[in-house]
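Next up is one chain by itself, shown in structure tokens, the form predicted alone.
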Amino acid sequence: MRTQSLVQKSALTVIAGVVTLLALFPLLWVVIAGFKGQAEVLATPFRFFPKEWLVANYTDILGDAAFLKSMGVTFGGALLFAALSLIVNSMAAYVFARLEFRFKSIMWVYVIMTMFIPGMAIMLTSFIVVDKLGMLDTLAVLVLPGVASAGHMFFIRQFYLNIPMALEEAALIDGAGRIKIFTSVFVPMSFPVFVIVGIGSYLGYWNSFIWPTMTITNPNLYQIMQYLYNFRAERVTELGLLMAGSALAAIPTIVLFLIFQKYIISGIKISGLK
């Protein structure tokens, strides 16, 4: 029995290792390709490791002021977007989870229905709106249009529905208002689910490409995906530099995941969506 259990654990470990390697292979290839010379990146036959490890690609791309600026602008915008997303969506989730008002059910159904509308279907309409509002070529056009998210509202609302009513009733008896209850009772208990929503919002902003390309033409506001796309178009032969830039662009996201990974897992368990 013990031998059978040991075999099963070993088999699971091997399977998990293989799956992990397959999942990480694209990232590993990009990182290693950043150390290759221009001719080696797409050389045939395929070589995973370079003949000679070149650090110059990474030092050169780090010496590019436009790359560093796009990284900084994107990182700052992603943090702002995540913060606003948490504020707006958590407040809306609290309203739909705890308050009673006319047409609440109809409004919630309408909010949920927006989850099933593809973003591309409303892209042109959204562009016309932000153009009329004079928001083109501003940081606001990157941050504000996507802050309210039906998916994030639904996720936080499910968490709030599981918080005991006794806590809220005790705060009401003590004379606390709704805003006080939200900020003093619900927000402190929401850290795990806030981490998930915050990371999701951050990733959505960081990886966005079509919307920034449509709305931003000012090089000072170029997002990192725009920078990499323009780099590929203008310096098509310098694939080693492009791979180095792509690898460096993934670092902030990886660092955030490593910092918050245990909270992400606990948040998924608490929300019952594992």
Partner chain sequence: MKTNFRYDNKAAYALLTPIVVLLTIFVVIPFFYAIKVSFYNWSFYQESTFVGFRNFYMVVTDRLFGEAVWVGLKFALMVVPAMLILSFLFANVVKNLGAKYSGFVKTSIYIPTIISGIIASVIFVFIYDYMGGLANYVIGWFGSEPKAWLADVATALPSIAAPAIWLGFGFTALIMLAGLHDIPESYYEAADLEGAGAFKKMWYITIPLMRNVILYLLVTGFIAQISQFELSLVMTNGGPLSETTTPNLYILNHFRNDVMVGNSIAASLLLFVVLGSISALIFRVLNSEKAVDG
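Here the rigid core means the biggest group of C-alpha atoms that line up within 1.5 Å when the two forms are laid on top of each other. If you're wondering where the values come from, they're calculated on a predicted model, not measured in any experiment. Positions refer to the first chain, counted from 1.
Below: the form predicted in complex with the partner chain, not depicted.
Should Ser246 be counted as a contact of the partner chain in the model of the complex, where contact means heavy atoms within 4.5 Å?
Heavy-atom contact with the partner chain at 4.5 Å: present for Ser246.
Consider Pro145 of the chain shown here, and say whether it contacts the partner chain in the model of the complex, taking contact as heavy atoms within 4.5 Å.
Because a heavy atom of Pro145 falls inside 4.5 Å of the partner chain in the model of the complex, the answer is yes.
According to a 4.5 angstroms non-hydrogen atom cut-off, is Ala82 in contact with the partner chain in the model of the complex?
No - in the model of the complex, heavy atoms of Ala82 and the partner chain never come within 4.5 Å of each other.
Even though the partner isn't displayed, in the model of the complex is Asp137 close enough to the partner chain, meaning a heavy atom within 4.5 Å?
No, Asp137 stays farther than 4.5 Å from the partner chain in the model of the complex.
For a quick test of understanding: in the model of the complex, does each of Ala56, Arg157 and Val197 have a heavy atom within 4.5 Å of the partner chain?
No: none of Ala56, Arg157 and Val197 comes within 4.5 Å of the partner chain in the model of the complex.
In the model of the complex, which of the listed residues (Val111, Val187, Val73, Ala171) lies with a heavy atom within 4.5 Å of the partner chain?
The residue in contact is Val111.
With the partner chain taken in the model of the complex, which residues across 199 to 223 come within 4.5 angstroms through any non-hydrogen atom?
Those in contact are Leu203, Asn207, Phe209, Ile210, Thr213, Met214.
Determine whether the C-alpha of Tyr160 shifts by 2 Å or more between this form and the one not shown once the rigid core is superposed.
No.
Rigid core superposition, Leu84 Cα moves 2 angstroms or more between this form and the one not shown:
Result for Leu84: no, shift under 2 Å.
How about Phe191 - superposed on the rigid core, does its CA move between this form and the one not shown by 2 Å or more?
False for Phe191: its C-alpha shift is below 2 Å.
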